[in-house]
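Quick heads-up: it's one chain on its own, the form predicted alone, in structure tokens.
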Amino acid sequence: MNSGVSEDMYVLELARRRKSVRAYASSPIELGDVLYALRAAIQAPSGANQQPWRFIIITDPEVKARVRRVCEEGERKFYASVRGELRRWLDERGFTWRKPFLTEAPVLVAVFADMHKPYAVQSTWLAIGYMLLALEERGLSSLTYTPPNPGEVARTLGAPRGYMLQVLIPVGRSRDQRPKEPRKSLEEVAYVDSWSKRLSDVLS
């Protein structure tokens, strides 16, 4: 385990420390650290224990470049159409259709769900959560990037029919200076026994 993290609240500290990173150093990382995170991911629970997740580990610069081109084509269309509150949120953070992290990060992990399996999407995202914390444990940064045209990305990567791309996860060393987005407090989001009784009412 990394130093500076208390063993009695290790998972909580990893979760607090992890943030979405959109700028990466180009320096290589150990593939073994990525495999470690995937080994953690496949321990996640799944509907009827069907384990619907599949992973493509991408290190080839040419493949990353193809994936980026496809994603940015979809993002151009998305940004041309988005309006209102979401557009203001994106503009405030300086987000655009350009996704350089897809080629900057030394590794991309494409995560697919076998849509023939029960609760495939929910189960796969549980595995993604395990993976993110395992990457953080190894001192690696990540981002859950969901392209607007997942089917085109899946075809670019040769995924079989029935496997839906859930997310592209760039993995590497962060050079992103943005702070972590704020989180709501537990008291704001948790209830006891029914929706009418907030956790804050019980704790006060």
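Residue indices: 1-based, along the sequence shown. Just so it is clear, the model here is predicted, and its values are computed rather than measured.
In what follows, reference is made to the form predicted together with a further copy of the same chain, a form of this protein that is not presented.
Novice: Can you tell me if A65 lies within 4.5 angstroms of a further copy of the same chain in the model of the complex, counting non-hydrogen atoms only?
Specialist: No, A65 is distant from the partner.
Novice: Whether V82 contacts a further copy of the same chain in the model of the complex should be assessed with a 4.5 Å heavy atom distance threshold; does it?
Specialist: So V82 does not count as contacting a further copy of the same chain.
Novice: Taking heavy atoms and a 4.5 Å cut-off, does P160 contact a further copy of the same chain in the model of the complex?
Specialist: Heavy-atom contact with a further copy of the same chain at 4.5 Å: present for P160.
Novice: Should A23 be counted as a contact of a further copy of the same chain in the model of the complex, where contact means heavy atoms within 4.5 Å?
Specialist: A23: no contact with a further copy of the same chain in the model of the complex.
Novice: Decide yes or no: are T96, V153 and G172 jointly within 4.5 Å of a further copy of the same chain in the model of the complex, with each residue judged by its heavy atoms?
Specialist: No: no residue has a heavy atom within 4.5 Å of the partner.
Novice: Enumerate the residues of 115-141 that have a non-hydrogen atom within 4.5 Å of a further copy of the same chain in the model of the complex, in sequence order, or give none.
Specialist: Heavy-atom contacts within 4.5 Å come from Y119, V121, Q122, W125, L126, I128, G129, Y130, L132, L133, A134, E137, R138.
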